[in-house]
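Have a look below at one chain only, the form predicted on its own, in structure tokens format.
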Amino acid sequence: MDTNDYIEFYNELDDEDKLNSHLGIDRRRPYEQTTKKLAQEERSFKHAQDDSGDSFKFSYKAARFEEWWLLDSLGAFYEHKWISDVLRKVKGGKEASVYQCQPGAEVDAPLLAAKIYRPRMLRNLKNDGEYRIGRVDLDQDGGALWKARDINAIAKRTSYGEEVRHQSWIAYEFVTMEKLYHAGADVPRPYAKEKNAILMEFVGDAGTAAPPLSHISLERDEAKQLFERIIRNIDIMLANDRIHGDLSAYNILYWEGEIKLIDFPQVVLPEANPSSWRIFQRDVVRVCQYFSAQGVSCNEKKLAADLWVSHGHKIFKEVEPKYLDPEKPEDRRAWEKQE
């Protein structure tokens, strides 16, 4: 059962409670009623006394499980005055959902977007190995993991290790966005990261979130300009030792003639991953496929090769990903000998 299943389940419970109340039926046992009432009173008291995450109330009408998820994920942003309200959900995805937020006193921006990852037990990280090869796992602050306990837990795939790996996955997205933003790439400005969420610039306005480029049909002149802009961003990423890893028109936002690249948790390091050339080619091909349909002529194989070689990378015969294990040092050594 994924997060949406839980949300639908709790929505159904809400509807059932309303129906039972209308019929004069109360299916909760007395102690459950008392516990719920006490919890509500406690939260109301806290809200009147302080501005901690426990007192965070928002405009968005969330289902029961979703409300808990939002409080747990965004409470720290509220405490630090990064946000003051959650206005609405703008996107639900396989790995994360995005919410439109009202900025707090510490942020000078019209609106913010909070990307909240699904709880680790509801996500599937089995297929992240191909991207993680060559990446040093990161801690919550974006620094390299150095504690033996954490490193060993990841290698042994313990429950704690999976949680640390989940944190590293999110940290890579935030650190990459910061790096690319300061390098001049067209990415939403990142503001803050907590254990399960990233706070960034909202692309769109109060009533509309910027759609993905895949939903837009462009005039040929505009398409050519945006294509060149995206190739420039790919070039900036290579210059900063990053390959997006899943780039396509589906994760490029379009708003008022401008574009923003999003979704970076699976970034690949060109010099450290033996599959990097193939993954980079795939990114370029997907971009070219979209723009070819918009009337832009491009030779994706030549373009990818020219960009790749211009940054000093070699085009090598790669080891198939299925034969590689990111946790095995011998796989890394074997590839280094091959190169």
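Worth saying up front: this structure is predicted, and the values here are computed from it rather than measured. Throughout, we count residues from 1 along the sequence that is shown.
As for the form predicted in complex with a small molecule, it is not shown, yet the points below apply to it.
Trainee: Counting only non-hydrogen atoms, choose the one of 201-209, 71-79, 232-240, 135-143 that falls within 4.5 Å of the small molecule in the predicted bound form.
Mentor: Of the options given, it is 201-209.
Trainee: Name the single residue among I170, A153, V98, I259 that comes within 4.5 Å of the small molecule in the predicted bound form, judging by heavy atoms.
Mentor: Exactly one residue meets the criterion: V98.
Trainee: Please pick, from R220, R157, H182, K94, the one residue with any non-hydrogen atom lying within 4.5 angstroms of the small molecule in the predicted bound form.
Mentor: Flagged contact: K94.
Trainee: Taking the small molecule as it sits in the predicted bound form, is D186 near enough to touch it, meaning that at least one heavy atom pair lies within 4.5 angstroms?
Mentor: Contact with the small molecule, no.
Trainee: When the contact criterion is heavy atoms within 4.5 Å, does W255 count as touching the small molecule in the predicted bound form?
Mentor: Taking the distances in the predicted bound form, the answer for W255 is no, it never comes within 4.5 Å of the small molecule.
Trainee: Contact between V90 and the small molecule in the predicted bound form at 4.5 Å, heavy atoms?
Mentor: Heavy-atom contact with the small molecule at 4.5 Å: present for V90.
Trainee: Report yes if any heavy atom of V175 sits within 4.5 Å of a heavy atom of the small molecule in the predicted bound form; otherwise report no.
Mentor: V175: no contact with the small molecule in the predicted bound form.
Trainee: In the predicted bound form, does every one of E130, V268 and Q281 come within 4.5 Å of the small molecule, counting any heavy atom?
Mentor: Not a single residue of the candidate spot has a heavy atom within 4.5 Å of the small molecule in the predicted bound form.
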